[in-house]
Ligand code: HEC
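The form predicted on its own is given below as one chain in structure tokens.
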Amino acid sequence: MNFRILFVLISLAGSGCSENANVLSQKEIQAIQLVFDAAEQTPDVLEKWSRSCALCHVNGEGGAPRMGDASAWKPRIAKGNAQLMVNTVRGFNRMPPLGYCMDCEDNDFAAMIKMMAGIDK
């Protein structure tokens, strides 16, 4: 799945006026999970991570969960991979949309999240 497709999918999920507007459909959640399942760390992903995510997730700047801090990531992981991706794409708390990685693809975000949070799938 191309980043642009996922960005549109996630943006549309939150664009409605109903109280369920921020709820992803089961089909959307499954699509995001497929991206997580296929995502792998590569030298390119590590390079993107070092110039974007690392800015906050190494030292916990702005309340960001530190890489590998299982207790900080546990409540976030409990919300599911789809919610982790939504928060990354839309921005969350003090993290800007896309977490400063404007050239990241879906699989890049998924690989970075998995790496930082210690998620196997």
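All residue numbers refer to positions in the sequence shown, first residue = 1. Because the structure is predicted, anything quoted here is derived from the model rather than measured.
Another form exists, predicted together with the ligand; not displayed. Remarks below refer to it.
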Does residue 32 reach the ligand in the model of the complex, with heavy atoms at most 4.5 Å apart? no
Taking heavy atoms and a 4.5 Å cut-off, does residue 63 contact the ligand in the model of the complex? yes
Heavy atoms within 4.5 Å of the ligand in the model of the complex: does residue 24 have any? no
Can residue 67 be called a contact residue for the ligand in the model of the complex at 4.5 Å between heavy atoms? no
Suppose contact means any heavy atom within 4.5 Å; which members of 77-107 contact the ligand in the model of the complex? 79, 84, 87, 88, 92, 93, 94, 95, 96, 98, 99, 100, 101
